Structure formats: structure tokens, C-alpha cells
Ligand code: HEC
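Just one chain is shown here, as C-alpha cells, and it is the form predicted alone.
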Amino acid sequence: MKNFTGAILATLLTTTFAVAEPVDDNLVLNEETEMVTRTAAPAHVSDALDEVMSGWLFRGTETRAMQADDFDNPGMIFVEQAQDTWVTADGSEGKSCSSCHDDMDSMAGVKATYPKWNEEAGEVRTLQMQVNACRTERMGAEAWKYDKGDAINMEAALSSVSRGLPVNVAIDGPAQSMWEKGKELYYTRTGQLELSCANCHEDNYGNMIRADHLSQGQINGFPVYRLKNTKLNGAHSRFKGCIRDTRAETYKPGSEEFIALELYVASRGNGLSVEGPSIRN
């Protein structure tokens, strides 16, 4: 079976008869904010990678240019919608996000640290989980659906005010067990194709698979606006799609498995700049 799987992967990777290395380019946002798109790998992944690289380096010229300018980035439309939501009262308490947090710029740096351990709740929370906790516990409002509508828009907006700041996800202390679970999921082969996250994004980044250029699978740019489906996409939705592509039954966005996987994958990008909302194919 392993030989068969290897043959399938080899066929996919050589479809275009090319190896396309990441570009040698610098991302400067709005001609003023220089972004770190490649840096030394954090210690906990240095045995697998020498450096970590943003998915931006694996995109075409036009796509990279779109992300470099907010006027050209279609993901910013959804950020603007979330900015309106930020100041709109909702729920039985008559509060908005700004009632507690003032303007959204006050949240700079928050996205860079998620997922993170929440001591009061006794769990690892993603940023969307924390937003929903604020809605249900402080605003008396309904929780938003994971990776959908208002939830993904708000994550993109909170990411936008942290752009240029380094990802700094903690993996020690009480978060460590979830991080270990995420790591196990990352390296576990799934589906009829028996492929893991690492098979594509660690062993074969830089190669072409069908018409796509494999990146390291870093999520510092999430949420991402995908040209393929013309909307914002969350990390959990991308995880779901990847597992589905191995021809396996997958988990749901917001599941414990994907929370653990997000924690692990986010930590692999420690040191890269927060980019979201980024643009990908």
C-alpha cells in the first residue's frame, strides 16, 4: 500500500514536470509595513525545517501584488463589514464589541497569540471561540457559526490590525497536551491516499501538484480570500478540505481535533508576520 500511495503522490507531483521554488521577494504592505515572510524555524520544528516561509512566497506575481495593497485586496471588503459589526450593539445586554474594547486598533497583537490557553475556561481557545465567548457571556448574544459569515469576517478584521506583528503562539504549560495532539494529527496519514499534512507541506513544499504550487502550509495569513471560491476561508475549513482530498472522513470546523491542529500549525509559523486577510489561489 505504501508503494502504491507513493506512486500516486509522485504522479501528482510530476504532472507539471516542474519544481517551482518560492520566489525571492519582499512583502511591503501598503508601501509602509514590511512583513516577515521567511525566517529561521522555531526550535520546536527545527528538526524538520531550517526556515519557515509564508504561503505568499509561493503565489504568482499578480496574487502577491493584490495582497500588498489594501485597495486591491478583496478580503478587506469583509474586514470593513466586521468593523461595522464591532460598533453595533447586539444581544440582551445591549453591548457591542467596542463597549468593552474601544476601537478595533486596541486589539493589535491579539491575533498573533491565538490559539491560546484560557485559564478561566480551562481550555485552548481559538480566536473565533474567544469572540463567541464574549458574545454569549458578556453581550447576551447568540454564538456565530464557526468559519462562517460574521465569525470569519471578525477574525479577518482582528487579524488586519495585527499585520506585521510576529506570530507568537505559546505551546508550553497546560496548552502542551493539545499541541501534542495537533502534532500527531499533522503527521498521521489519512484516507485512501494515506497522506498526512507533512507529506505535502513538509516533504514536498516547492513542488507543483497538478496546477498548484505547494507551500509549507503556514496559516499566518488566515483568514484567506481564495480566488477559487471568492470568499474568506478559515483555517479549519482549509483543514477540512485537505483531509477530504485524501479521501478520508473529516472533522468539523470548531472541533477539538481542528483546534489542536490549528494550535500546532500556527506554532510552526512563530516568527512570521501576521498577514490576514491574505490572498491565495
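In this text, all values refer to a predicted model and were calculated from it rather than measured experimentally. Note that residue numbering begins at 1 and tracks the sequence as displayed.
One more form of this protein should be noted, the form predicted together with ligand HEC, which is absent from this view; the next part is about it.
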Inset, instruction - Considering ligand HEC in the predicted complex, find the one stretch among 133 to 141, 164 to 172, 204 to 212, 112 to 120 with heavy atoms no farther than 4.5 Å from it. - result: 204 to 212
Legend entry - Partner-contacting position among V52, I219, L232, M35 - heavy atom within 4.5 Å of ligand HEC in the predicted complex: I219
Inset, instruction - Have a look at L127, C200, A157, A151 for me and say which one sits with a heavy atom within 4.5 Å of ligand HEC in the predicted complex. - result: C200
Inset, instruction - Check, residue by residue, if R64, K228 and L272 all come within 4.5 Å of ligand HEC in the predicted complex, counting heavy atoms only. - result: no
Inset, instruction - Would you please decide whether V45 lies within 4.5 angstroms of ligand HEC in the predicted complex, comparing each non-hydrogen atom pair? - result: no
Legend entry - Close approach of T250 to ligand HEC in the predicted complex, 4.5 Å, heavy atom: no
Inset, instruction - Look up in the predicted complex whether L27 has a non-hydrogen atom within 4.5 angstroms of ligand HEC, and give yes or no. - result: no
Inset, instruction - Classify L263 as contacting or not contacting ligand HEC in the predicted complex by the rule of any non-hydrogen atom within 4.5 angstroms, answering yes or no. - result: no
Inset, instruction - Just give me the residues of 231 to 249, first to last, that have a heavy atom within 4.5 Å of ligand HEC in the predicted complex. - result: R238, F239, C242, I243, T246
